[in-house]
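First comes one chain, alone, set out as structure tokens in the form predicted on its own.
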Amino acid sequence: MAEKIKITNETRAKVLMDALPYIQNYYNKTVVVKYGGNAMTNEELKNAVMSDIVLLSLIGVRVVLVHGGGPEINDMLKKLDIESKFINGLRYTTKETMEVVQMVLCGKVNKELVSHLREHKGRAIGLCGLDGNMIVAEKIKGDVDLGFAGEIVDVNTEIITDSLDNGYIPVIATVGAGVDGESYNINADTAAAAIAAKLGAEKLILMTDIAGLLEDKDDPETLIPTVNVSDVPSLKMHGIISGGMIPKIDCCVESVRRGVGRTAIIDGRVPHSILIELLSNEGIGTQFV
């Protein structure tokens, strides 16, 4: 049996003092966290994320949680015998699929996350992009028809800031209110970036199932800790940014250019990765500045 490591009171005090500058930096600032991937389905990781967010809220950080729910949507579609179809990484969304997306994201997943935060003594409020006309969207235009998959036209942040001002953690499901009166399925990374930009957030964090941006995608030891947004075109040209990382990093670049202080892609498979990223010198994942 492994010997239990004893943590002294002095060590505990040092950890808190080391975190103090970061707590001061983020006090009363807004941080937007896009929550997805394995951290949403693994109970241990989910509990770590919920406790991280509640802790940050209690020390004065204005946390906004934006979530997806792809696996849950796929499960429900399978139960209803409705085909799941993706084109260029985006869900092809029929009218029937859109009804399921709205039911699962805004009803089941959103309210479960609110409940989890409450279990950790946090004050949370469940919202979706339809509430207060928060996320205004239109049908994605392009050569390929994606059905009711939408792109964001505008973000109205009044309901988000009202929730934050009243001490709540807004938990946002990414269904958009169409300018044509329809509802649209919005990519959660894109929504988080747009919300962070409109709020003028200090930081945007995208939780993923990879360590961050790697020079060699098969070697976690080649993690690139910091990227200047001006270097992104060159990294794409050399194939370091490719495939599914392209839309995520485009979101990071766009949010920085629109006024977000910093953005980061972090490994959501690491317990308490949010706290490590925000409250330590080492950080975790790749930061875009």
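The first residue of the shown sequence is 1; numbering continues from there. Owing to the predicted nature of the structure, the values given are computational and were not obtained by experimental measurement.
The form predicted in complex with a further copy of the same chain is left out here; the points below concern that form.
Visitor: Please tell me whether any heavy atom belonging to Lys79 falls inside 4.5 Å of a heavy atom of a further copy of the same chain, as the geometry stands in the model of the complex.
Guide: Answer yes; at least one heavy atom of Lys79 falls within 4.5 Å of a further copy of the same chain in the model of the complex.
Visitor: Does a further copy of the same chain get within 4.5 angstroms of any non-hydrogen atom of Ala124 in the model of the complex?
Guide: Yes.
Visitor: Would you classify Gly142 as touching a further copy of the same chain in the model of the complex, given a 4.5 Å non-hydrogen atom cut-off?
Guide: Result no; Gly142 lies far from a further copy of the same chain in the model of the complex.
Visitor: Verify the contact flag for Val54: yes if a non-hydrogen atom of it lies within 4.5 Å of a non-hydrogen atom of a further copy of the same chain in the model of the complex, no if not.
Guide: Yes, contact at 4.5 Å.
Visitor: Could you work out which of Ala177, Leu213, Ala201, Ala149 is the residue within 4.5 angstroms of a further copy of the same chain in the model of the complex, going by heavy atoms?
Guide: Looking at the other structure, the residue within range turns out to be Ala177.
Visitor: In terms of non-hydrogen atoms within 4.5 angstroms, which of the given stretches 111-119, 215-223, 202-210, 185-193 touches a further copy of the same chain in the model of the complex?
Guide: Heavy-atom contact with the partner occurs in 111-119.
Visitor: Which residues in 261-289 have a heavy atom within 4.5 Å of a further copy of the same chain in the model of the complex?
Guide: Result: His272, Leu275, Ile276, Leu279, Ser280, Glu282.
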